[in-house]
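Starting off, we have a lone chain in the form predicted on its own, written out as structure tokens.
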Amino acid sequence: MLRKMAFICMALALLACPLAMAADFPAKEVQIIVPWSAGGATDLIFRALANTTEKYLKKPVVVVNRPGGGGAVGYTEGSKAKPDGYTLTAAVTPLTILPHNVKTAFTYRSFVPIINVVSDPSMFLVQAKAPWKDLKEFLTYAKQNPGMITVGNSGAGGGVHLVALAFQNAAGVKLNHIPFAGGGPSVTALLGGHINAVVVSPPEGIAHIKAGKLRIIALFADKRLSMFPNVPTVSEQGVPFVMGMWRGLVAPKGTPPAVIKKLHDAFQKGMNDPAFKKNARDMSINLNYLGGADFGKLIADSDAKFGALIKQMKKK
């Protein structure tokens, strides 16, 4: 009887631990792992969101950059973090791409979805002085000079790299893909004239477009960007192709549901904060709130879609 009572007490104590953790959460700063270098789209978005969420979470929210392996370094660290809610990871489309390309220590199932923040189209940028004035001229040159147009991306096997590969297949051209440690470094390389084009998603490059230094040569959206209404989509220019990036937050598998809810509620308030909404408009990003359940469905659907696409592309 004593042994049974001891076992019951231990079981109740274990059940009470997550509840106690949630009641005290957060007791210290929360960090967000961004698996790319500073200055890229994911970094800029989550730094802005961290700033507005702090007052609702009542603790500092800190972004830490862990670039490498097209996102694999950061996702591996995030998946192995203690599931206590203090280490989150910026979940972006490559989370559902990398495990299909190379062997990884994680899949999307290694995480618990918290909230989706952004869904943005991808695009090709070139220097404003580039010889191609529109997509037709760009593709004509690419067909006449296969492999000669260098296109930067935020990491081999990552989301925008796959977007570029899928687009070149849809357009019937061959491009030379150059990986960088993030969207920021790839845009810097384009500005310096080291590559011919770069594939990114807003807000990467937006400030340089406004300044007249860069130009959108291809927009992979289903509709035009409100900030650049005169830039047609590639579908309008004869290539039926739409693809982009989603960006949200996830926690390590095993994080208590009550902690996930506290995080979700705080970041949702951060998203709705007027200061963040203004930043989103300034960066020309498309806010797309999804709660944990719907974000989880989006991630699972993305994994299935990109898994099939990668399998198809490997056969070619």
Partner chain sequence: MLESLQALAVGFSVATTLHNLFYCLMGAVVGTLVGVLPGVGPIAGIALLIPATYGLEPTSAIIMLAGIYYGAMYGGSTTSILLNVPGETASVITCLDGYQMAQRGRAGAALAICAIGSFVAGTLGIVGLSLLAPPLAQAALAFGPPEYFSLMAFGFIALSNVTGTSLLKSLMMAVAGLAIGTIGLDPVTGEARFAYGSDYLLGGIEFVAVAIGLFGIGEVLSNVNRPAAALEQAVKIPRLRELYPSGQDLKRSAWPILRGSGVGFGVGLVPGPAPVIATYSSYMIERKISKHPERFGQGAIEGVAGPESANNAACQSAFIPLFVLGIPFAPPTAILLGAFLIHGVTPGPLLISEHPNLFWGVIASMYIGNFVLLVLNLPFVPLFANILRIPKKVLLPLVIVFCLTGMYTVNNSVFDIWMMILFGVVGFLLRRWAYEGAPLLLALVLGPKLEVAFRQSLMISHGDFGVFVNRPVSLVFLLAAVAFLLLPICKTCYRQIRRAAAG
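Quantities reported herein were computed from a predicted structural model and do not represent experimental measurements. Residue numbers count along the first chain shown, from 1.
The form predicted in complex with the partner chain exists for this protein as well; it is not shown, and the discussion that follows is about that form.
Asker: In the model of the complex, does Lys133 have a heavy atom within 4.5 Å of the partner chain?
Answerer: Lys133: no contact with the partner chain in the model of the complex.
Asker: Using heavy atoms and a 4.5 Å limit, would one call Asp273 a contact residue for the partner chain in the model of the complex?
Answerer: So Asp273 does not count as contacting the partner chain.
Asker: Can you work out whether Thr87 and the partner chain are in contact in the model of the complex, taking contact to mean some heavy atom pair no more than 4.5 Å apart?
Answerer: Taking the distances in the model of the complex, the answer for Thr87 is no, it never comes within 4.5 Å of the partner chain.
Asker: So, in the model of the complex, is Val242 in contact with the partner chain at a 4.5 angstroms heavy atom limit?
Answerer: No.
Asker: Determine which one of 133-141, 233-241, 178-186, 112-120 lies within 4.5 Å of the partner chain in the model of the complex, judging by heavy atom distances; exactly one does.
Answerer: Among the candidates, contact is made by 178-186.
Asker: Each of Lys269, Leu309 and Lys311 within 4.5 Å of the partner chain in the model of the complex, by any heavy atom, yes or no?
Answerer: The answer is no; none of Lys269, Leu309 and Lys311 reaches the partner chain.
Asker: Using heavy atoms only and a 4.5 Å cut-off, determine which of Gly39, Pro60, Pro26, Gly291 is in contact with the partner chain in the model of the complex.
Answerer: If I apply the 4.5 Å criterion carefully, the residue I get is Gly39.
Asker: Which of Ala72, Ala171, Ala164, Ala221 has a heavy atom within 4.5 Å of the partner chain in the model of the complex?
Answerer: Checking each option against the partner chain in the model of the complex, the one that comes within 4.5 Å is Ala72.
Asker: Can you name the residues of 273-311 that have a non-hydrogen atom within 4.5 angstroms of the partner chain in the model of the complex?
Answerer: Those in contact are Asn279, Asp282, Met283.
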